[in-house]
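Have a look below at one chain only, the form predicted on its own, in structure tokens format.
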Amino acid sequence: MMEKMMLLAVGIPFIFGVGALMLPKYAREAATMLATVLNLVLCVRMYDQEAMLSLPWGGYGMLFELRQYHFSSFILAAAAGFGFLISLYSLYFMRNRDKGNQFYAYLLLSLGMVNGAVLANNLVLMLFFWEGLLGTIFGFIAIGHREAFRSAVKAFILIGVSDVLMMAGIGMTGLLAGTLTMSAIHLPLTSAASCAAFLLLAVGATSKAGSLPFHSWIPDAATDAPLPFMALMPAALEKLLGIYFLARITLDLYALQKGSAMSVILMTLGVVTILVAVMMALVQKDFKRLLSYHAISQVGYMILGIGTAVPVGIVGGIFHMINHAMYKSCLFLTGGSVESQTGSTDLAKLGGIGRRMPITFICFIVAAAAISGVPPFNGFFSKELVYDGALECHWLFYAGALLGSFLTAASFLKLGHAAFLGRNDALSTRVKEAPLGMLVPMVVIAGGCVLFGVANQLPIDNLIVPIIGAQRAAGHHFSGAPENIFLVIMTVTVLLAAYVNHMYGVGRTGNGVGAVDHIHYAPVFHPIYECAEKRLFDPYDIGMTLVQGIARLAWRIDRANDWLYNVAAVKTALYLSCSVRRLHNGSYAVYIVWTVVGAVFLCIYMNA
């Protein structure tokens, strides 16, 4: 029975997704809702069940193997829940927009790909579904406005490069382990080959989650793609899938140890991702681009927690994964409501809409407080666990993560103030609250942010701790109030400092949009921000510049070869032939001279 349910979890979204391309408008909307409801019911029914399915598929150990166990069922249920809520939201957001058939098809196909990748117990089968998401992401972005195709190509190339690296890691892992079955792989990180394979797999997993350096497509997609895509993929499904696979790599496929070189590399990547992305988020003037940089930054906390290789950090990283999917989806949905009701996400054009959109504003406050780590919301508790694990490894990692929290709080104070507070008479007279179908998903997810904070023992004890296993969790207590009071005091201090910083910035500029201008235009940061805003640090643009330079060099070499063979050689032959022709003037005396000279040279050559 469970084997059939696993196949249905993959098949139902695929079948309905293909159908959405061909059905008329109202039929495809009904089909999308039916598919997401069936998928949700199926994944809930499958929750915490165990099953294995293995069918012949290909040679060299490539089998169609599916495995259902606690971790995979947790990710499936979460993805199905987000898929249902965002599809409900999309019914209203996409109602009068073009290419709705493609949008719903990509949505359902993405759900099917995620289900397949999570259930896959064979690395090559997992890669098949993993790569399928590359196609749906490209399609999602490409159906945006007219200039969206460039962003789609950028996303395709960046994700594709990271996926190629992961392919190499899969090949090396299969060679080292002698099998491609994930549940049968348990490798130590003791050799250069195993470390290289681990890093290649980690690059693929963290890049799928949105980490540096393959991250720069996300802010562009936030501007160009339909907004529900941001709430579904970069905010929810990609984080769930990428961090799920990273956890599988570190907990199952390889034995990551605290203090090892691989652990330090992961933690360093986590802190750098936190700080670089949040610094960019801080200065954004667009609602969606600001959120997109935070979607990148928050991945750093998950990577940092899992990279610590200590139980409290791993629990915190996985808990932050589900928390982030909740509050970031909610934030993007509030941004979509603002866009649909005001026609803009430019913070300079917003303001004063909190009174006109009170439910959206409340949901924003809850989600913003959660992502900033304000107690008692869910983000506070997962961050405290990550802090605890980071501090156990080295205080530098903890300090970097704490600085990231200060900047996160500062940027959301700016965003909330600029978008919802203040006065804007042009908007206040015509803006009204979003439709009920757009509000319900926001309210449900915001309620989850409160529930997973106040009653954090429910998700931690029942969802997260079983993932790391009883052996790793033995003797540890993770739920409830944080045990390390020092961490709590430092968090509260940082949040208060962010508020003071915000009030100082507002006092200087007189508005919320300029609340962090004193940081943006500081002598140290301003030139760096100028370079960043010119995309001088964008890995895609750097890569394209190198490719264009190589292409120009290759073109010049090609033109030089063409000139050498088609111009220089021809002209040389013509010149020589003309010279020889002039010498053959029909005079016997001249011919006798050439004959004698030739004979002399021949004699000299023979004697030599």
Partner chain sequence: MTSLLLILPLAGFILANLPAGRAFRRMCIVLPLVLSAVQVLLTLFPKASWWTAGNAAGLSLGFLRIDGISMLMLLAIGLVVFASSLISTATVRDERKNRSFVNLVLLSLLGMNGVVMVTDIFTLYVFLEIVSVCSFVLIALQREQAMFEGAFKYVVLSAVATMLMLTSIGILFLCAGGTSFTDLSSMIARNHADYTVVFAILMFIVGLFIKGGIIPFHGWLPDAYSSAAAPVSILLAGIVTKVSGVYTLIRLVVEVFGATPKTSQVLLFMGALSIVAGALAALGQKDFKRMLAYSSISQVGYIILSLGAGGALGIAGAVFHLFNHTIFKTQLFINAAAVEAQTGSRDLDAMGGLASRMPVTGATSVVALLSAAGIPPLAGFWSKLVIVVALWKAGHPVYLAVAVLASLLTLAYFLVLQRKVFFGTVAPGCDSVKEAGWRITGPSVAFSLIIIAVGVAVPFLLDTILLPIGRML
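Numbering follows the first chain given and starts at 1. Take the two forms, superpose them, and find the largest set of C-alpha atoms that agree within 1.5 Å; that set is the rigid core. No experiment lies behind these values; they were computed from the predicted model shown.
As for the form predicted together with its partner chain, it is not shown, yet the points below apply to it.
Remark: Ile592 counts among the residues lining its partner chain in the model of the complex, judged by a heavy atom distance of 4.5 Å or less.
Although the partner is absent here, Gly598 is a contact residue: one of its heavy atoms lies within 4.5 angstroms of its partner chain in the model of the complex. For Ala27, no non-hydrogen atom is located within 4.5 Å of its partner chain in the model of the complex, even though that partner is not displayed. Contact between Leu602 and its partner chain in the model of the complex is found at the 4.5 Å heavy atom cutoff. In summary, the region of this chain contacting its partner chain in the model of the complex, judged by heavy atoms within 4.5 Å and restricted to 46-54, 66-74, 572-580, 33-41, corresponds to 572-580.
In this overlay on the rigid core, Val18 has a C-alpha that sits less than 2 Å away from its partner position between this form and the one not shown.
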